[in-house]
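There is one chain below, alone, in structure tokens, taken in the form predicted on its own.
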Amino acid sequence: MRANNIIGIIYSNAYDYSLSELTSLRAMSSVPFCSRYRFIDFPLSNFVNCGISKVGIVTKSNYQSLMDHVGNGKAWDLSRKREGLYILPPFHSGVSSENRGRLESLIGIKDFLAASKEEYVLFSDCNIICNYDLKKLFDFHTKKNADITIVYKHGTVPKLRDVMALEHGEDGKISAITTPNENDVADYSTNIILIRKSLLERLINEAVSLHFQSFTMGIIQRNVEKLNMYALECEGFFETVDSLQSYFDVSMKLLDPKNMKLLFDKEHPIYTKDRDDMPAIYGLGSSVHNSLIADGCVIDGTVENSIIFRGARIAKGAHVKNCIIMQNSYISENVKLDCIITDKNVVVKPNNNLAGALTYPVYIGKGITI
């Protein structure tokens, strides 16, 4: 299987509801992460690292910041005369519902798929943080002569709607797909799915004619016995963001050098939009311990176990601990923050003391002054 014979499809708004604090003004795909990245960077980088040269990003709402970030795809080498990056506009149909979103998006891009010459389609969501070698998926799919291959992870099922739990043998052959309960431990789908394009188009047409409302029920689950479906376990650092708490937890995990090395593998780089800025400046008397500090920051206070995004400033006497401080935020003199997530352009005035907990981080919205 050749990577340039595969179309990559990314759902930019999948599970927006699960991270509503950060997605009220942006799509899930453009949520800032790890001091300088966005969620979209991970599936995009995974695609181009394995050789996929045609990627479509399905949008629905709040996609202005996404378009500003990805542009023409130059940062991912997807600015091309042929193939390259496609922003697929919002999808609409006569009947719409929350559960119909993924299926409705496929119906909306039918013409894009029909006009594409590639033989296979590879799907991915934006709420998974991973650096996954997709060539292993391609080889597995070919070896098993599979109709559909689903990448799964073993663990506690994310708190998301329409999650698929996979039952399979040692060879990976899927025998059943069920809907797990919250907090179940199972082999659950990561929604990285590889399928032949002609088969996908036939299944979409069947789902439309039979008035199915769900991608999971209408296309995947009902065809387990009819099609040759296989499951492949993911490897390495692989996390799913399903809430503000999990966003905070996954971010904090990357303060561990072992996890950072697994996610940001030099052989498979994670690309993002370039932004030229000055190096971070550390003032006299400043102190930084076990933290990620992006370029363009000015640190005059104390930062501990925190992630500081580009252009943020921590003033003298401020103490920031277990926090995520996003782009261009200003933490004033003698402020104490513990377990706080600030969105972009937040200002915390002098002498404030704000604290959450490791199990309950407090979020401050974009542009707010406290």
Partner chain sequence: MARKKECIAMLLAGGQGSRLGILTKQIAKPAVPYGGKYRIIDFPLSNCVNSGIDTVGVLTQYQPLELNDYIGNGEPWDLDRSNGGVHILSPYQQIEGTQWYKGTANAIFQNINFIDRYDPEYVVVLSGDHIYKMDYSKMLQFHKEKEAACTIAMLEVEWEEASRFGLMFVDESGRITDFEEKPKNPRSNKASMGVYMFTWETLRKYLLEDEANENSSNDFGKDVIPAMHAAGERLFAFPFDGYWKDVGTIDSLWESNLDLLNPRVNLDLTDNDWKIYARNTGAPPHYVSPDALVQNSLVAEGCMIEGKVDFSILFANVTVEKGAVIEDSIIMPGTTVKSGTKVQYAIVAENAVIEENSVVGKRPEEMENLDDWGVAVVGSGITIKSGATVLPKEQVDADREVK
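Numbering follows the first chain given and starts at 1. These numbers were taken from a predicted model, which means no experiment stands behind them.
Another form exists, predicted in complex with its partner chain; not displayed. Remarks below refer to it.
Remark: residue 162 does not count among the residues lining its partner chain in the predicted bound form, judged by a heavy atom distance of 4.5 Å or less. At a distance threshold of 4.5 angstroms between non-hydrogen atoms, residue 192 is out of contact with its partner chain in the predicted bound form. The shortest heavy atom separation between residue 290 and its partner chain in the predicted bound form is within 4.5 Å. Its partner chain in the predicted bound form is approached by residue 283, whose closest heavy atom lies within 4.5 angstroms of it. This chain appears without its partner; in the predicted bound form, the one residue of 336, 344, 313, 69 with a heavy atom within 4.5 Å of its partner chain is 313. Exactly one listed residue, out of 187, 118, 295, 147, brings a non-hydrogen atom to within 4.5 Å of its partner chain in the predicted bound form: 295. Exactly one of the stretches 164-172, 192-200, 255-263, 104-112 approaches its partner chain in the predicted bound form with heavy atoms within 4.5 Å, and it is 255-263. Contacts between stretch 162-195 and its partner chain, counted in the predicted bound form as any heavy atom lying within 4.5 Å, involve no residue at all.
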